[in-house]
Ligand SMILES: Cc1cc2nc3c(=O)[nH]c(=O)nc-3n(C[C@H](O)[C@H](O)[C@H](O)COP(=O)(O)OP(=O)(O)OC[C@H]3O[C@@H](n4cnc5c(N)ncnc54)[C@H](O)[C@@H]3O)c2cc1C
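One chain follows as structure tokens, the form predicted alone.
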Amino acid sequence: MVRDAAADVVVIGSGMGGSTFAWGLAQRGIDVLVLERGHRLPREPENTSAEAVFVHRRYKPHDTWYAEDGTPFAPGVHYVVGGNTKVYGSSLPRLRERDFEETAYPSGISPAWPFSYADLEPFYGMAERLYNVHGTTAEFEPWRSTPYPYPALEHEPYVAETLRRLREQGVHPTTTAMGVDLRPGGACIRCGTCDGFPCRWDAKSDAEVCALDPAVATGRVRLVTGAYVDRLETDASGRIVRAVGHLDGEPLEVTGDTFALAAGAANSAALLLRSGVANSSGLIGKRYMVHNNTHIAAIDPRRPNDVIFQKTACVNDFYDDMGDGYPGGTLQLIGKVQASMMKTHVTRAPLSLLKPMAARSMEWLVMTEDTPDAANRIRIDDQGRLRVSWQRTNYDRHEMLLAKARELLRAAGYVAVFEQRFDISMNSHMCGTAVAGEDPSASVVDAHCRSHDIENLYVVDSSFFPSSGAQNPALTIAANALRVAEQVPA
């Protein structure tokens, strides 16, 4: 087993950013070593078991984070090859042009990015091809120079009927951009255990299957699993020269010419804070963002929901304007929820009650932007524990969109609408803890995600996001990783 290693580029983390970045570097013939703290997630029958995945948390790490008041919680992260993409819902939309520009809300500012949508657009197309994205150009989408690689997924009859009822309310539901291997001869079988589950058939467009494994196959990328990096060390000139940690309990030391962080917005920030580097701005860990998200279960007792693959539609009518001149967000179908999954939230309800509810429910995600606030942050406490300070921001917009979603669904025949608002532990879509910008005093990395302080250090996960927008971030992470991979010195 390798204890000491070296590479031209050392990538820490194998999620969407790290794996896509490694793939991009491999295309240029650069020698890459990817360090992943976890191991490969097994393909096994439990992949499709709601009880194993959601009730027994089979694939979640034994990791504890702490709220600022000291309350412990289990974070919504996965330490496996491919990172959170192994269980994500495969929704791969682009951010909108406006998301890259400064946007004023009644209760905050969403700042501009140091590059534009036009700068990233060619790489969006590359990422869509790499991740087999299915979709169709529709209203409320940004312009594109290339078509979707594959046609949009068809709506099943129950979904199609609901969308017809929503159109009668004056909105314009459309298809969701999805990353699944539903090409001719592809591995996807359109099962009911996609969103939130690992894919037993490797048909989900996750970072391991679509980017990392092909990168390793080139012979230019090596992967070391079980490799936890505790700190980065610099030489007298201030360059990073080694990553130090442990490999399955044994000491690990890795040297390289260039280092790239892709451990996720919380853990990349934590690594930099433990290392005491790249923080002349004082912003590492600050401006932590997670989308304002709420799961909705809408129930129509007269219509059993026989859908298998539910996540095919979204409503973006309110993305740029809630009717008052300010942006709102998006409504997205999510995967069909089973009774045992409901019970993880409504723990006192008997399964005998939840089963008929689940059989007649349709599930949506209501997503709006949270704006950056320096008080929302990741830090390491005196005991070396990861602490999260987080208060919701821009939440008035979320309340407005939730109200609109309830109104639309009730008019479409759903007599009951139940909500699960995301709390501090449901921290999907984390971003913003090593923000990109042109001013070194007001940002951590530059427009190409290279540290202002350290010339051979890059950040290629969602830590660099100056703002969060209100779309799933995975495709933007991938597109940016491809963009940055072109800038790294060979």
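Bear in mind that the values here come from a model prediction, so they are computed numbers and not experimental data. Numbers for residues come from their place in the sequence shown, where the first is 1.
Not on display, but discussed next: the form predicted together with this ligand.
K.L.:
Check Ile12, Gly17 and Ile477: does every one of them have a heavy atom within 4.5 Å of this ligand in the model of the complex?
P.N.:
Yes, because Ile12, Gly17 and Ile477 each have a heavy atom that approaches this ligand to within 4.5 Å in the model of the complex.
K.L.:
Out of Gly256, Gly135, Pro327, Gly89, which one falls within 4.5 Å of this ligand in the model of the complex, going by heavy atoms?
P.N.:
It is Gly89.
K.L.:
Go through 410-418, 117-125, 382-390, 73-81 and give me the stretch that gets within 4.5 Å of this ligand in the model of the complex, heavy atoms only.
P.N.:
Among the listed stretches, the partner-contacting one is 73-81.
K.L.:
Contact between Ser467 and this ligand in the model of the complex at 4.5 Å, heavy atoms?
P.N.:
Residue-level check for Ser467: no, no contact with this ligand.
K.L.:
Looking in the model of the complex, any heavy atom of His452 within 4.5 Å of this ligand?
P.N.:
Residue-level check for His452: no, no contact with this ligand.
K.L.:
Any of the heavy atoms of Ser428 lying within 4.5 Å of this ligand in the model of the complex?
P.N.:
Yes, Ser428 sits close enough to this ligand in the model of the complex that at least one of its heavy atoms falls within 4.5 Å.
K.L.:
Hey, in the model of the complex, does Asn267 get a heavy atom within 4.5 angstroms of this ligand?
P.N.:
Contact check for Asn267: yes, within 4.5 Å of this ligand in the model of the complex.
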